[in-house]
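Only one chain is shown below, in structure tokens, and it's the form predicted on its own.
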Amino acid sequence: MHDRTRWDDRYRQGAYSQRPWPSDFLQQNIQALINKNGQSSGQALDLACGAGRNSVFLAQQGFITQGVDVSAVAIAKGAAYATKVGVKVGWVCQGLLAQSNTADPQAVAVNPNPIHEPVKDPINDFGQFQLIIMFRFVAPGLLTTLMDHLLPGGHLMVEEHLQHDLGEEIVGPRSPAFRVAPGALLAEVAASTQPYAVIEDFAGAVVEPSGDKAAVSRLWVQRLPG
């Protein structure tokens, strides 16, 4: 099944509707992020934005925000939410993975479970941003490219489900394909040619706002001038 079809179906069925709050990682650091930026009206990009919880939050903080997701249903929900709370967000319905950007039924028929790989640069025409975020979406190798889309002094914040041995009480995907190994996020950034500073690098268990326990890898880096 094509990624867009699969995610459209999930959002129609109410996926994540019980998780309307912005990412804890983003909320906890937004003031520090604004202070480091010096102002909160920079351009922000929310990749794999889903129904827009983080995109809307950034717009509420004064960022000129663009949300990108493969699901048109999710984008429509995000647009409705932004209108309801009275903020403007730019929305783009686009995939970030190679499979997401093709609708070749013969390819799916030959290999119904293809390996998900990022396209070379899925946001090639998007320009550069003061802030790029990507939460709970695994796209191996994409972070290296994203560093080129940061303005000097800009920030990249990423949170992914972490591969772990913390027990069955951990929520989130069961397949390791949808989790990252410890250190994997920083390794992708290190493969970039851009100079950077690490502000936060965390891997471990956290308690979600819902009270559930999750295993996550979090990375926050700043692109340095030069």
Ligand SMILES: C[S@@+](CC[C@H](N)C(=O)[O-])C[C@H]1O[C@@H](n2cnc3c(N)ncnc32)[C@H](O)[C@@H]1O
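None of these values were measured; they are calculated from a predicted model. Numbers for residues come from their place in the sequence shown, where the first is 1.
From this point on, the text means the form predicted in complex with the named molecule, which you will not see here.
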Item to check | Within 4.5 Å of the named molecule in the predicted complex, all of Gly50, Val70 and Leu97 (non-hydrogen atom) | outcome: yes
Checklist entry - Any chance Phe135 has a heavy atom within 4.5 Å of the named molecule in the predicted complex? => result yes
Checklist entry - Should Tyr11 be counted as a contact of the named molecule in the predicted complex, where contact means heavy atoms within 4.5 Å? => result yes
Checklist entry - Looking in the predicted complex, any heavy atom of Thr65 within 4.5 Å of the named molecule? => result no
Checklist entry - Taking heavy atoms and a 4.5 Å cut-off, does Trp7 contact the named molecule in the predicted complex? => result yes
Checklist entry - Using a 4.5 Å heavy atom cut-off, which stretch among 124-132, 89-97, 144-152, 76-84 contacts the named molecule in the predicted complex? => result 89-97
